[in-house]
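Let us start with two forms of the same protein chain, each given on its own as structure tokens and named structure 1 and structure 2.
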Structure 1
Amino acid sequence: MSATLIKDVKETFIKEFNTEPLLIFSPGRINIIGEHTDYNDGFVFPAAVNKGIAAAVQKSDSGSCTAIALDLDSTIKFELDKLKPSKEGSWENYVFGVVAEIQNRNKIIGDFNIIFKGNIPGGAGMSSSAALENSVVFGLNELFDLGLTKHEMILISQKAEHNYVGVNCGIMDQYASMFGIKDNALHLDCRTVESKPYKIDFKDHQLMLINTNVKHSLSDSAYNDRRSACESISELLGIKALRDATEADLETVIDKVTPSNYQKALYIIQENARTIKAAKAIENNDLELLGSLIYQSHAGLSDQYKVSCDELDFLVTQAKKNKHILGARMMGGGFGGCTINLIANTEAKSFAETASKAYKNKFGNECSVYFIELSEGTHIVK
């Protein structure tokens, strides 16, 4: 957790509002395996990481609320009884959305001031949005004794995203950010919203992210299109979600769906099975098997689900050439963002350099490399 972030928001808050704030740290997340399975009621395998959002919050007696995004050098003043969404893409919608959803539950909050700052790279698919939502709801719950459980808080964060930000997200991001456990990944059942923590011993390996620093404009429309394809095949099969289907079930409707939609559904069924195998691999301390499943996940995302892109495929191909990398795949919605790599400690620095160079030669722009640790979920900083 970044001590400098905490220090920055605390000092700025005291200077701005002349009072000691409550300090919250809310982490971003990675997902080891289980991509696009969340909205199919399936399993995912996320973990909170040591990058995130620090927030300083305290009650206000000024008759209104102030929110300051330090990174963006942007300040907004608002009144609790006059909340409505700002224009699409505005950061304040994350704050407004959380406040509105708390009020929708008939919880009473008073005026407050909040300042936040993060170190989650934008566009990396590490869920800075969930981290921000969680920091707001967690802080307000504490400040105004709302008595919300962590489960209630993540549902508030998710609804804020649906109703104010306009993204129809699953629950994984908010869950991983709120419930993260140090050195553990959470095998999360997206239907029951319950998880089992798995302590991962990375031995002489570590996780490294490489950000393509691209975001192809396809992503939102493609996400909705994939989602509706999955839902229509579930309907054909007479089940609630693809999580309930086997490959044999899918065979029975092969002549009723397009070949490309058949492959998409097949990917979801196989990826869901891979997350269960990954849990076993971690239990058995079998990093080789875990790595192999991660590579298989990428192949499915690229060839079957068709949400990868040239830049992501290139970075995974680079990883495959290196025997010190046990697994690599694209992480997140797709069409850009990061690859996640399970790499030997001794090899990390040199691979980061060679991959970056090869990427620059091929695409003419820079990729960024991040090293991460699995960390604690949203919490108060003493």
Structure 2
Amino acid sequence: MSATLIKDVKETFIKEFNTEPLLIFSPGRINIIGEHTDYNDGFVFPAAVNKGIAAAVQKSDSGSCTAIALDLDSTIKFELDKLKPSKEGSWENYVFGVVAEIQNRNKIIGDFNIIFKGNIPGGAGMSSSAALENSVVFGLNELFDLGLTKHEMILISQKAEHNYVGVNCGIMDQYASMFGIKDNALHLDCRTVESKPYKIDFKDHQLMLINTNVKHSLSDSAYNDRRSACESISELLGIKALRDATEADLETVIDKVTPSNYQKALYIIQENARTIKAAKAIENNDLELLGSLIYQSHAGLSDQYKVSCDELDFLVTQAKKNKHILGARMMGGGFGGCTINLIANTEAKSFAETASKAYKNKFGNECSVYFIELSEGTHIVK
């Protein structure tokens, strides 16, 4: 699948710019559990997948840079010394942001041309943005011999998202996309930014995604609001991040925070604990426990953290009615995107059909089902 993407960007690049490009594949990610815990210095459990962004990139001697998003049929020309964010929501901000953050680190890059094509829809909660950012920083690092480590590259990608895209994201997406390991999920400590790989082989079960194909518009501002709420409660508790708090600690400030912020902080503390338990459950091959943690995660995201939506809740409710699904929850930032389902292999196809029908009946729109493979992180394609 990614082979076709690579072929498309390569051929278009040669046609447009008459030279052989460097080719990069940068994956999107899933997350088994640990949602909104990353910017609280907590644990997450993502994995890179076999869907993402293909990029073709090469130096340019035309005196300016060109970036082309093939999926959007959109071309943008720019000069390296005149970068500023484009209007909100523009795809080129991911490119500009990465270039600006590289320059902020006093690394020198020259003009370049780049062409992208991807197979994760934006808004799916599968980090197409991080995949795009990582493809740019990875490609430029290689082309201009910048000597950046992978850890430096993901910080550049993350800063691009903060300063050019306007989402104060954590580090999970960029990390998973960059450091992914085939057939493994990464139990990532977002404080040390180090992870332990877990080989994922659920034998008779698998992880299946269902995309609601909606993205509610409040998602970016709501995301930043959640982050600020968490930070203000940490400050009140005199700790660096909510990762350091227990439920008992939180009790001590119950009178100083709104009931809704109290629930949000409580969710983070509980979700972090669930993510640690989930790693143990996988070690012990206890899929029942893993599944129940996943359901609890959704309940917390929906009722306490308030980042779900009707479409996601509906799909999780459908899953709960099926005894072959051990766990299901919304995945990613929320307000749309995918659910992740821990489902018996034998049941996956038929549930995909029934859930899709029910979804169409209820909302009048189609949802999309993705069967995924856990894959390696951002890499050069020879």
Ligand code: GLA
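Just so we're on the same page, residue numbers count up from 1 along structure 1's sequence. This one's a predicted model, so the numbers in the text were calculated from it and none came from an experiment. Here the rigid core means the biggest group of C-alpha atoms that line up within 1.5 Å when the two forms are laid on top of each other.
The form predicted on its own is represented by structure 1; structure 2 is the other form. With the core held fixed, the Cα of I233 is displaced between structure 1 and structure 2 by 2 Å or more. After superposition on the rigid core, displacement of the C-alpha of Y262 between structure 1 and structure 2 amounts to 2 Å or more.
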